[in-house]
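Encoded as structure tokens, the following chain is the form predicted on its own, with no partner shown.
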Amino acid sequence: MNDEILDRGYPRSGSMGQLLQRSLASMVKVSGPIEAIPGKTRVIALIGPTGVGKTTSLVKMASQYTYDHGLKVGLITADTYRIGAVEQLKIFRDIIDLPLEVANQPDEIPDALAKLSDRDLVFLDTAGRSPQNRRQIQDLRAFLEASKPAETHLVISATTKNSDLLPIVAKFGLVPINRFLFTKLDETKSYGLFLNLAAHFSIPVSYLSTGQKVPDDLESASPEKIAELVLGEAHGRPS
């Protein structure tokens, strides 16, 4: 189902509209929020193309799990390619006093994890990769094999064209991935990509990000919220 089909004037109120919303919600899988396991450090990796908001999403997650859930959080950045990426995380680290390790190569990941072994959650930030560059994807895979994440979230901008969407997921699927995290929901009013992914992959959606505010503009995905977005009832922005 694509955006053109979704924009043909389906009823959006009353019993028929509610039925359609429930039908759309049933098509979408969600993972629920990240769970911490007492006595075990869980690594959460964020991967994706350049410019989709991986680092900002990671900062939001780290803030929420530090302040809202009272967990011990650590950070590792493997994004040493983008100018200012490490400095961006260092500023955030200083603001909320989180330990940060830098891994330039995959073989540096074990030492970084050892230094963060007292953490409940360790968020791994990675460099943006072109899905067309197989060597970059293989390099990313080496970092993930070294870190053994409990969850790997493929971060996707909601502004991504449908023609690009499936190839992106297919190429990053070589890593592999087990979550979708959507960003920039405030920059579009077309959300058919949710259903396009649901029709092709059984991977659940984890979070929805709607702006730059830390940590406010991030929420755990729900089928009902995604159905509202697809039907245009959220006015292009999760509440």
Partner chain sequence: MEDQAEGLRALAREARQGKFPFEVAGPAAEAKKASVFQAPAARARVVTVTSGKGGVGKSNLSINLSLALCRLGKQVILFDADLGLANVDVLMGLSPRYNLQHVVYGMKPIHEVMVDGPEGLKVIASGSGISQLANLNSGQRERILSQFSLLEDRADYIVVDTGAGISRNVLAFVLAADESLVVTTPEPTARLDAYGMVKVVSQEKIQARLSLVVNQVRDEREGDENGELIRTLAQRFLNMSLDYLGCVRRDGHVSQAVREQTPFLLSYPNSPAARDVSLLAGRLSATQSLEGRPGDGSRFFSRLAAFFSR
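Please read all numbers here as calculations on a predicted model, not as lab measurements. Residue numbers count along the first chain shown, from 1.
Only in words, not in the display: the form predicted together with its partner chain, which the text now covers.
Contact annotation for H200: at least one heavy atom lies within 4.5 Å of its partner chain in the model of the complex. With a 4.5 Å cutoff on heavy atoms, T160 does not count as touching its partner chain in the model of the complex; it lies far away. Its partner chain is not shown here, but in the model of the complex it comes within 4.5 Å of a heavy atom of P167. At least one heavy atom of N196 is located within 4.5 Å of its partner chain in the model of the complex. Residue-level contacts in the model of the complex: of G211, P204, P33, G173, one residue has a heavy atom within 4.5 Å of its partner chain, and it is G173. Of the residues M61, V52, I177, L185, just one reaches its partner chain in the model of the complex with a heavy atom at 4.5 Å or closer; this is I177.
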